[in-house]
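To begin, one chain is listed below as structure tokens, in the form predicted on its own.
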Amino acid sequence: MKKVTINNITMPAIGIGTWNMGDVAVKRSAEIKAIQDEINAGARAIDTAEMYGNGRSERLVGEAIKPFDRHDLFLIDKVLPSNAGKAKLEHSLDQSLKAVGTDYFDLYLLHWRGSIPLAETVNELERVKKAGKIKAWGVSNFDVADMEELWKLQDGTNCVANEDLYNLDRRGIEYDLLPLMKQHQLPLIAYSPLAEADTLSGTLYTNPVIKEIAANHQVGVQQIMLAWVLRIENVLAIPKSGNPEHAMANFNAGEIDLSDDEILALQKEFPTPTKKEPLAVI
């Protein structure tokens, strides 16, 4: 199983995404089972946010993790930019902690840039960290200019991760952001590594190259997409699945090693960007 280390915690490089989970009552039991099955298999990181269903995802996570030892989990939550200042951040954090049913988050992210000054957000993140409500903080949907601005701030280098969209369909961060993060040894949390079930372009699940590689490994195309994301070091992929069988297949993708020839074939089919692209977000 491929591993990633964030804030000195080493864990499987496949985590559990929860965007859009908890929104449909009839799916709830299957979604909880999917999360629990992955944890039982060894998954440690679970990613949620106050924005996801206005807290419904957080409450689903809270219910799913009740049978487990909290210290065996790496819980990631996110604060909305409108709540990321002195007036609201700690209140938002407290509400999220209550929804998930925990005393602390292992990682708390600024979900994206907003109108509140970044320095104010960093100050608040440092304050709640010292209070023990979070173990570490990071950012999400940050590009090169955002990271450079952050690192210039007092305590800005305490950021331990950046969560961005990354998959075969969206490779823009490889041009300059990933090299910069590698230089600073900053881990990437890759969201939507399955391109939102291939809804971003609709070209991945039926691609003959991906299908051939999947057949060679006797897995689905989704697992090859995840294995491709994990071909580079210091990455935590957080695919979402409310289907227990699919969730387990996603987690097991961390065991797949693509050959050099397979990586080259995917490179030819989905080339690395040759110029700066706007940061992909959804």
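The shown structure was predicted, so the numbers you read here are calculated from the model rather than taken from an experiment. Residue numbers here begin at 1 and follow the sequence given.
Below, we refer to the form predicted together with a small molecule, which is not included among the displayed structures.
Judged by heavy atoms within 4.5 Å of the small molecule in the predicted complex, the contact stretch among the candidates 62-70, 209-217, 227-235, 44-52 is 44-52.
Checked against the small molecule in the predicted complex, the residues Glu124, Asp143, Glu163, Asp106 give one hit for a heavy atom within 4.5 Å, which is Glu163.
In the predicted complex, the small molecule stays beyond 4.5 Å of every heavy atom belonging to Ser96. Using a 4.5 Å cutoff between non-hydrogen atoms, Cys159 does not count as a contact of the small molecule in the predicted complex. Remark: Ser29 does not count among the residues lining the small molecule in the predicted complex, judged by a heavy atom distance of 4.5 Å or less. At a distance threshold of 4.5 angstroms between non-hydrogen atoms, Gly254 is out of contact with the small molecule in the predicted complex.
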